[in-house]
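Read the single chain below, which is given as structure tokens and is the form predicted alone.
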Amino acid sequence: MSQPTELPQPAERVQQRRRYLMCRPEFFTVSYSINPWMDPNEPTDTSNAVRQWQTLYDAYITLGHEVELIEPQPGLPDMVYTANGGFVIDGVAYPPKFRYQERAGEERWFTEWFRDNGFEVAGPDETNEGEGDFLLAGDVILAGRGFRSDGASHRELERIYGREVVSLTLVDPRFYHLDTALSILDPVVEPGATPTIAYLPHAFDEESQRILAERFPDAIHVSDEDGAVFGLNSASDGKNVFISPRAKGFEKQLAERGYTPVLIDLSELLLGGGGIKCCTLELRSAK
């Protein structure tokens, strides 16, 4: 009698301490519409947004991560989405240059925060929305375009950081930033190693799908059902992955790969078109 086949054991994941920048949503509301999720006619609850945000903040602190805070400013309700406030590698900060005038007022506050906290500030000359469209995957920067950040900003990134930048084109307006359609699950890997990512294939054009399949053959493909609740708008420390509790399929996929899903409900902030990653800007200091 043949022996039953043993299923492969998931890889053991290692947590890495992260440093993040967040902004308390004290002035959160939806008073304009610059993405398909925003409806000024739908009521928002600022106090609930603050409570949900606090749960995410507390989860980071409890798990040993360092969180810096930027002061919220009246009249800038989207400052809570700090991922759009810049991109930081090796202590060099690339501030945003927002596509929409409604968010342009945030630029000076993020730029000043970087300078005041010891980061070297470089650029920007080109339209970009920070870590919303730029994700560090090992040695490579994955860069989104199509709705917010210009392709020219990708070339600016190459010049500033001296790293390969891989351009990916988004085609579904629901997933208007790269961080809504793709998540880096291994924030630090050995030089030359390929990190694990998760993404929603049809959020990208055919050429970008080909690039992702070629570069990340072991990636997790997430369903539209989980993408539509911003399941991919997640943060990972290499072991713990902070995701929406409504992304049930993605939760199961992560557990099967050896990650620990940490469920955080940011449904109030989704009314503004943002989730966990949107509220989390990674600060990578100089080595």
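A quick note: this is a predicted structure, and the numbers were derived from the prediction, not measured. From 1 onward, residues are counted along the sequence shown.
Omitted here: the form predicted together with a small molecule. The next part is about that form.
Using a 4.5 angstroms limit between non-hydrogen atoms, Ile70 is distant from the small molecule in the model of the complex. Although the partner is absent from this view, Thr180 contacts the small molecule in the model of the complex, with a non-hydrogen atom inside 4.5 angstroms.
The small molecule is not drawn, but in the model of the complex it has a heavy atom within 4.5 Å of Gly132. Taking the partner from elsewhere, Asn35 is found to have a heavy atom lying within 4.5 Å of the small molecule in the model of the complex. Residue-level contacts in the model of the complex: of Tyr161, Phe216, Trp113, Tyr176, one residue has a heavy atom within 4.5 Å of the small molecule, and it is Tyr176. Look at 136-144, 199-207, 75-83, 186-194: in the model of the complex, residues with non-hydrogen atoms within 4.5 angstroms of the small molecule sit in 75-83.
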